[in-house]
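One chain is shown next in structure tokens, namely the form predicted alone.
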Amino acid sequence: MKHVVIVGGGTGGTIAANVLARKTSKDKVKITLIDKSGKHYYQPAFLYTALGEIKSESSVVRDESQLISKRVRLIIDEAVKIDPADRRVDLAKGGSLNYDYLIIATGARIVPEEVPGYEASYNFYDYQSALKLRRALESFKGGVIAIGVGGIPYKCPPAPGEFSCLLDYYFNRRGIRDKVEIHFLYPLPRPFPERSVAGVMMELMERKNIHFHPMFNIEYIDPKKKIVYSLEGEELKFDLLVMVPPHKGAKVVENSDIKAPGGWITVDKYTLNLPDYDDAYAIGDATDLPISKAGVVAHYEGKVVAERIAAEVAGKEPTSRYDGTVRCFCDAGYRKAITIKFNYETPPKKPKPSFIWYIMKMLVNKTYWSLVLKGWV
């Protein structure tokens, strides 16, 4: 009997658990999923929660136990240390688990406190923060709104630009767009890391009268004066500031004997193995791969790792490999969206806003709980 331990119940961990359960037999493989809260959040819904388009809590969060195969044992606890040499995971409530295979799907954590004055800002990177931002937007009657990024890397690279475009749509529907200035503060010289996508985002911002501030690395915020300052010496006075918080890897990664420069786990870009450990994998936001930290990446990687482990358990040579594929849909407002698709070898093409891509994004939102997390798509 082989024991597979999965640390983290986000998108990648849940998909890996369900695909493993489907592709292995219960008399040969035991699957254990460790999750700190036992709650599963659909993080793309946070943005729509902040804008008031999603108001049902069940569209955002569900019990992890409802989403995984009955074969999977769920432990609601926090992993505090991983020892890949001894094949052991230590738990906060005491005790430890030994494994034959390990999947680390611990994601990224937000650390807004690393920006002095962060309490003067809002964000949509957790559910309670998204609700707080929604209330602030609902009471906003006019003035300057700034959207900034507290550090790179962060989850979902298109999110701040997407939110800026959706704010334009939001205030137009409220009939007060002419009373609102939207400013987009970004730490790079263009509004998206990939040049072809950045061109489209720049066109959208110009069309929507969104003021773009390139090379604006947030240094600190003055809550009393309501001014945000950059490392480059620029400053902007605001009435409402929305900041993507700085991100770090999970604390358990920092506490473990794992190669993880900056808190991001080093893995083989194709097999997703940890260096020197063929029985240990890391997926999703937890890794140091030079690709988007996004749910779709965890989605693809979770399936790859599950298929590799299933093949090994069956005595076969694993052939499943991750090719760096990223595909996501970015809402541009007014029922149009763009699609961004690329992999290790092929950069993204210049996207074009389309109603079809908007429908596809809404379809993903609708099928996330029933199809995506099962690993069927």
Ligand SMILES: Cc1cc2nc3c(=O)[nH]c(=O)nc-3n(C[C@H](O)[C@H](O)[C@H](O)COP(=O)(O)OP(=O)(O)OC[C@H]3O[C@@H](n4cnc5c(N)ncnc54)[C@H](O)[C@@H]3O)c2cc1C
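Start at 1 and count along the sequence shown; that's the residue number. Owing to the predicted nature of the structure, the values given are computational and were not obtained by experimental measurement.
Although it is not shown, the form predicted together with this ligand is what the next lines describe.
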Exercise. Among 285 to 293, 261 to 269, 132 to 140, 203 to 211, which stretch sits within 4.5 Å of this ligand in the model of the complex, heavy atoms only?
Worked result: 285 to 293
For this session: Tell me, yes or no, whether P44 is in contact with this ligand in the model of the complex, where a contact means a heavy atom of each within 4.5 Å.
Result: yes
For this session: Tell me, yes or no, whether G107 is in contact with this ligand in the model of the complex, where a contact means a heavy atom of each within 4.5 Å.
Result: yes
Exercise. Can you check whether I34 is within 4.5 Å of this ligand in the model of the complex, heavy atom basis?
Worked result: yes
For this session: Consider V4 of the chain shown here, and say whether it contacts this ligand in the model of the complex, taking contact as heavy atoms within 4.5 Å.
Result: no
For this session: Could you check which residue among Y170, Y300, Y118, Y125 gets a heavy atom within 4.5 Å of this ligand in the model of the complex?
Result: Y125
For this session: Select from the listed residues E78, D279, D222, E234 the one whose heavy atoms reach within 4.5 Å of this ligand in the model of the complex.
Result: E78
Exercise. Mind listing which residues of 1 to 38 have a heavy atom within 4.5 Å of this ligand in the model of the complex?
Worked result: V7, G8, G9, G10, T11, G12, G13, I34, D35, K36, S37
